[in-house]
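First, one chain by itself in structure tokens, the form predicted alone.
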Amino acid sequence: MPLLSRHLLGLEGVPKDDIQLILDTATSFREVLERPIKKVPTLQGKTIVNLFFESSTRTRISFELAERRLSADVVNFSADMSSLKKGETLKDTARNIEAMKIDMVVMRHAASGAAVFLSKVINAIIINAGDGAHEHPTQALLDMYSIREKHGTIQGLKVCIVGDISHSRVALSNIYGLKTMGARIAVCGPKTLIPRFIEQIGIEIFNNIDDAIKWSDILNVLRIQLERQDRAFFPSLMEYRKYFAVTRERLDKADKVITIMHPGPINRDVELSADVADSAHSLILQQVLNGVAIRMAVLYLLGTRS
């Protein structure tokens, strides 16, 4: 059964069956990644362009690995070395690339809505690898896959997203996806970093990290997105750590096992203490591995549509 949408632009409005299909398909590709030869011919003959206008380590490498594991031809586009420096528009850049007969574009861009815009000006399949502070759908999908792998289900679990909710595309995609899959969701952080619409969509809000820990089965901890902030939203990083950092001392008080997640990069000993990040209950490195399987699943499901 194919996905309903031709593109993956975000998780808002994506039906449960589509998310379930992606997660189930990723399980097959997760097995491929355990083989001595980690490659299948599924997308042989397809050309995929990675169009990254923002810095990225995990997401870019993860997508490129996924593409190569599926035997696609891969082109990596660097905005710093392109005609964008000469004033060329995104539309013209994309159309020129498409004229070279490409099939799919994986794009990260600083502007919210850039992936939707691209899907309207070229015919290639578009996968959103993060657009501004809007959405990052494959990160949320790999988070959900990691949760299901660890707990056996997503339905009914209490997941609290901690940190800079206002500027995080990971937070929004997780909220949409987890709600669809039946999880109970909360957010925790300074009031200045929690957008007003959160309460309107039925998400519980904590402004005290100890209360959030007590409530949660899973903490998905986000870094402070200083590069997207146009003003100070709290006095200092030291102050943030004092009131909102997830530490071993705080987790021990909860007297229960809590799963720890983080999309990376981690600011160690700011939002998350080093001993918690490296603990047995952390899924952080598992998330990285699962990211390749999820992106293989998305590329396969979209790239083989008839």
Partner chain sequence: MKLLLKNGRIIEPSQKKDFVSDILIVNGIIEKIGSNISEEKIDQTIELNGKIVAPGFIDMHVHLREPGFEYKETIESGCSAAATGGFTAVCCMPNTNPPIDEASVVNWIVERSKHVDGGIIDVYPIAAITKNREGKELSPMMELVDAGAVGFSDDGACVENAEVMRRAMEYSTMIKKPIIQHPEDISLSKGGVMNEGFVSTSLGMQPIPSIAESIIIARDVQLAEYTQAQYHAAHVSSGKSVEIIRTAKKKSKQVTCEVTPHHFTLTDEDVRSFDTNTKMNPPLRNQDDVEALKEGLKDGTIDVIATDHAPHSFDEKQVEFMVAPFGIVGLETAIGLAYTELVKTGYLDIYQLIEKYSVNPRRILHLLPISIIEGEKANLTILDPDFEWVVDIQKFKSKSKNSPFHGHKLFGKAFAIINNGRIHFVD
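Predicted model only: the values in this text are computed from it and were never measured. Residue numbers count along the first chain shown, from 1.
We do not show the form predicted in complex with its partner chain, though everything after this point is about it.
Novice: Which of 205-213, 102-110, 156-164, 139-147 has heavy atoms within 4.5 Å of its partner chain in the predicted bound form?
Specialist: Stretch with heavy atoms near the partner: 102-110.
Novice: Which listed residue (97, 114, 185, 72) meets the criterion of a heavy atom within 4.5 Å of its partner chain in the predicted bound form?
Specialist: The residue in contact is 114.
Novice: Tell me, yes or no, whether residue 236 is in contact with its partner chain in the predicted bound form, where a contact means a heavy atom of each within 4.5 Å.
Specialist: Looking in the predicted bound form, residue contacts with its partner chain do not include residue 236, since no heavy atom lies within 4.5 Å.
Novice: May I ask you to state whether residue 91 is within 4.5 Å of its partner chain in the predicted bound form, using heavy atom distances?
Specialist: Judged by the heavy-atom cut-off of 4.5 Å, residue 91 is in contact with its partner chain in the predicted bound form.
Novice: Residue 123: heavy atom within 4.5 Å of its partner chain in the predicted bound form?
Specialist: Heavy-atom contact with its partner chain at 4.5 Å: absent for residue 123.
Novice: I'd like to check something about residue 223: if you look in the predicted bound form, is any of its heavy atoms closer than or equal to 4.5 Å to a heavy atom of its partner chain?
Specialist: Residue-level check for residue 223: no, no contact with its partner chain.
Novice: With its partner chain taken in the predicted bound form, which residues across 157-188 come within 4.5 angstroms through any non-hydrogen atom?
Specialist: Those in contact are 172, 176.
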